[in-house]
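Coming up is one lone chain in structure tokens, specifically the form predicted alone.
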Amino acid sequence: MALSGLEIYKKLPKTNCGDCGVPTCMAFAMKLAAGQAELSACPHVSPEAAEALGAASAPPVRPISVGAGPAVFKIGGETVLFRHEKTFINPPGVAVLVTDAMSEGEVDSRLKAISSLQYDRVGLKLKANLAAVKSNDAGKLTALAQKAAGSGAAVMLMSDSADALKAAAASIKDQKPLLYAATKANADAMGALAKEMGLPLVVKGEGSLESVVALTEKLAGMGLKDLLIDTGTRGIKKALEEQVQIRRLAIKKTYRPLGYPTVVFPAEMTKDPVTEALYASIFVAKYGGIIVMSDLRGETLFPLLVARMNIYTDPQRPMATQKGIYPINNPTENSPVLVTSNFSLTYFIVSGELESSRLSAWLIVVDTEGLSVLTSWAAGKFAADIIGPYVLKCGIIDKIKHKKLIIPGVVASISGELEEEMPGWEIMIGPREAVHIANYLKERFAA
């Protein structure tokens, strides 16, 4: 039975140390009661209290780590149905399917795509996370597993044979692969294997939540905790309905037999790559834990990864770049100086335009609490009395011989106030759109 915040608080150390990331133990207890925090965040809780509070304070969707080393990623741990209620926590992993029916060239191509199709966006590395290798032959599965382990991604081993899974898992045991899948027919053998090797295990139902519950309860009774759910459904409408039902029952009803991350297979729902990407995007929003694709193509993978990034960005904490002076293309003392906000997307768009122009410049980023230029201006956070003092004290004066500052064209109205804040400086009004920065600089600063 779930405990109240006050009941949990009574078992905490009551130090109010803040080491858990929450100012007080009472506030931490309330977060635990709401399933919005993990007990492991408190480094001072006693073993006795940890045992008593463990189940009551666990997130409604169990957090599970897949892979090891640089390839590790975490799924689950979710506490809300809708992103605006708080935030989604751990983005779903994107996997590419590789089978023993494919030619060696096709296998190599799909595994190579994991490392080659990676994208830098707003300071983040966007990429696929997992190679799902499939075979019922122990030798073939082991060969595929070893090849996949060298791709730089985590590995999901897929087979109906526990013996094949055991052989393949043993060959890459340091990679901590994910095992797929325990079914009604082989649950005992798969459960014993997962327990013996200490690896997470996917349960595969027969197209119904009832069949999934029977498996998760049985495996939990065997002492397994790190489980994932594949309902077995391969139709988009029913699969989506099941994802919503699983999340709703786990969070609203704290129904532990369904409190696990899910695995979905757009790869097996359609043969059209565009439709597959569309299905995958649906599961990014509702509520896939691992999304298995038939192949990785730049034209479909990139928008999918961007959608994942956007959905799993905390809406209460905009992505922000650290304030400071950013040199672009080895600037000199005569290079122009521009100022912008610290909204990450704004920074990377502006810096990207500067870099591609091949013109050197100094870019000053002002702390606007992660808001864009126009939004922060409207909120009074990109104002003359903030920009002026920061530019004067940030150290840019020691790097340049001139006193010219370029401000975004959308906030041209603050130029007069800035001149008052920065006596002796020339405030230049730049373009309204970042795409025009290169031409603007070439016209005014090119030698």
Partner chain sequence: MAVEFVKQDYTGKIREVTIGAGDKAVKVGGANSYPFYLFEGALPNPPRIAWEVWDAETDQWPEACKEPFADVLTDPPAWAKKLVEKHGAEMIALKLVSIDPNGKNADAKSAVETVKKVLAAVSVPVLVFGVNSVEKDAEVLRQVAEACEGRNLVLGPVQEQNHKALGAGAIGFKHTVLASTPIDVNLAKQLNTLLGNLGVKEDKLLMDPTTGGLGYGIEYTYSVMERDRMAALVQQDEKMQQPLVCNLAPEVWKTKEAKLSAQDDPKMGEAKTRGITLEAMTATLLLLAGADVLVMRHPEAVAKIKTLIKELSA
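The term rigid core refers to the maximal set of C-alpha atoms that superpose within 1.5 Å between the two forms. Computed from a predicted structure; not experimentally measured. Residue numbers count along the first chain shown, from 1.
Keep in mind that the form predicted together with the partner chain is missing from the display, and what follows is about it.
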Listed residue that, although the partner chain is not shown, lies within 4.5 Å of it in the model of the complex (heavy atoms), from 234, 323, 140, 121: 121
Residue (of 265, 343, 362, 180) lying close to the partner chain in the model of the complex, criterion heavy atoms within 4.5 Å: 343
The partner chain in the model of the complex reached by all of 258, 348 and 436, non-hydrogen atom within 4.5 Å: yes
Proximity of residue 83 to the partner chain in the model of the complex, heavy atoms at 4.5 Å: yes
The partner chain contact in the model of the complex: residue 225, any heavy atom under 4.5 Å: no
Interface membership of residue 253, the partner chain in the model of the complex, 4.5 Å heavy atom rule: yes
Close approach of residue 334 to the partner chain in the model of the complex, 4.5 Å, heavy atom: no
Partner-proximal stretch of 147-155, 109-117, 185-193, 92-100 relative to the partner chain in the model of the complex, 4.5 angstroms, heavy atom: 109-117
Contacts with the partner chain in the model of the complex, stretch 242-278 (heavy atom within 4.5 Å): 244, 245, 248, 249, 252, 253, 255, 258, 272, 274, 275, 277, 278
Yes/no, residue 352 Cα shift of 2 Å or more between the shown form and the other one with rigid core fixed: yes
Residue 329 C-alpha moves between the shown form and the other one by 2 Å or more, core aligned: yes
Core-aligned CA displacement of residue 342 at least 2 Å between the shown form and the other one: yes
Shift in CA distance, residue 302 and residue 326, in the model of the complex relative to the form shown here, given it is 3 Å or more: closer
